[in-house]
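A single chain, nothing else alongside it, follows as structure tokens in the form predicted on its own.
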Amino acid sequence: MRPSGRKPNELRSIVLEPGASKYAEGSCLARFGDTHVLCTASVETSVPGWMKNSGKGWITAEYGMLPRSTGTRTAREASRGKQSGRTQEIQRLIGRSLRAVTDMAGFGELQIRIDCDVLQADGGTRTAAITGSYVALQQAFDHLIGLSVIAKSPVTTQVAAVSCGIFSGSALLDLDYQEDSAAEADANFVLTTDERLVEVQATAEEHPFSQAQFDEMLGLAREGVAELFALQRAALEGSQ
């Protein structure tokens, strides 16, 4: 039995709330159980200098955790004067995941800046951020379509992410913090609707895991993201 009481292939209660920010061109509050991440998409009219006159746009992401998103207060990274390596790794992952499913020549020389702020953390903040950011990004492109800036969305397919792990010898889907902190192995899978892999991050925490165990985690991840894709579609349809 999992500490959470869920079945091995059962996601936490997932809520994707579009339009959670009044001012952003796109936004989504992603709730994965007790992990809550606010994802916003802002449209900027300039691209990085190295992309000027390329005819292509850019998508970048920033990620951060609020001081009391965890059990004890964590100092703001701005007050420390630099971002942690973990923060930089996660925001780069979010940006790569969204760029992988977007035609960068399909929205001109505009930049979409994704901001992911963790309001409350209970494991899986990066996977919640990617899943919610897809909704925010699509809303931002719908906003540009409404302004007749672009004719259609340059997003080519959906992308979502979920965690899996080996806990007490069994493969589990969508780990919360209690499970993740005691897992023998954990992995994050970023997938598209046609089951192609964007990125896999997998680590043995205690003992090396086998190919069979990896395949079992991948199978669970595919089941999980299929549910997330349906929730993304429902969120976007409900926001129109």
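Because the structure is predicted, anything quoted here is derived from the model rather than measured. One rule holds for the numbers: they count along the sequence shown, beginning at 1.
Beyond the structure shown, there is the form predicted together with a further copy of the same chain, which is absent from this document and is the topic of what follows.
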Report the residue, out of Ala151, Ala105, Leu147, Ala78, that has at least one non-hydrogen atom within 4.5 angstroms of a further copy of the same chain in the predicted complex.
Ala78
Could you tell me if all three of Cys116, Ala202 and Pro208 have a heavy atom no more than 4.5 Å from a further copy of the same chain in the predicted complex?
yes
Residue contact check: Ala182 to a further copy of the same chain in the predicted complex, 4.5 Å heavy atom
no
Might Ser168 be said to contact a further copy of the same chain in the predicted complex, defining contact as any heavy atom within 4.5 Å?
no
Just checking whether Leu173 would be counted as a contact of a further copy of the same chain in the predicted complex - the rule being heavy atoms within 4.5 angstroms.
no
Do Leu38 and a further copy of the same chain come within 4.5 Å of each other in the predicted complex, heavy atoms counted?
yes
Even though the chain is shown alone, can you say which residues of 1 to 34 have a heavy atom within 4.5 Å of a further copy of the same chain in the predicted complex?
Ala20, Ser21, Lys22, Tyr23, Ala24, Glu25, Asp34
